[in-house]
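Take a look at this single chain, the form predicted alone, given in structure tokens.
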């Protein structure tokens, strides 16, 4: 069936009477920003490590085989998105996941990716 604009429209029984979206567009944009931060392999590896335990920047750099500045930049991005939090102890800065929501996102994404396709 064609509407006044000439575009296809659903039958009346298929068309929702109201928008089924539950969240405000600003919230959806914020979630998209979080997913962009999660979409980088190196940042996701950092998050996976932090899901196991709190680690300092130098430990994360050693585990990744990358420089402190590279790891610090990745952590800065993750922190800006609210995915990790940090604490300072002397000259060391320790990172951990921000909360259980982040842990769930990481776990679910990795479990989903590890499932056999098909």
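Since the model is a prediction, treat every value here as computed from it, not as a measurement. Positions refer to the first chain, counted from 1.
Same protein, other form: the form predicted together with the DNA, not shown, and the subject of what follows.
Using a 4.5 angstroms limit between non-hydrogen atoms, residue 53 is distant from the DNA in the predicted bound form. Using a 4.5 angstroms threshold between heavy atoms, residue 49 stays clear of the DNA in the predicted bound form.
Not displayed here, the DNA is approached by residue 76 to within 4.5 Å at the level of heavy atoms in the predicted bound form.
At the 4.5 Å threshold, heavy atoms of residue 85 stay clear of the DNA in the predicted bound form, well away from it. Annotation for 42 to 73: interface residues with the DNA in the predicted bound form are 42, 43, 56, 57, 58, 66, 68, 69, 70, 72, 73 [heavy atom within 4.5 Å].
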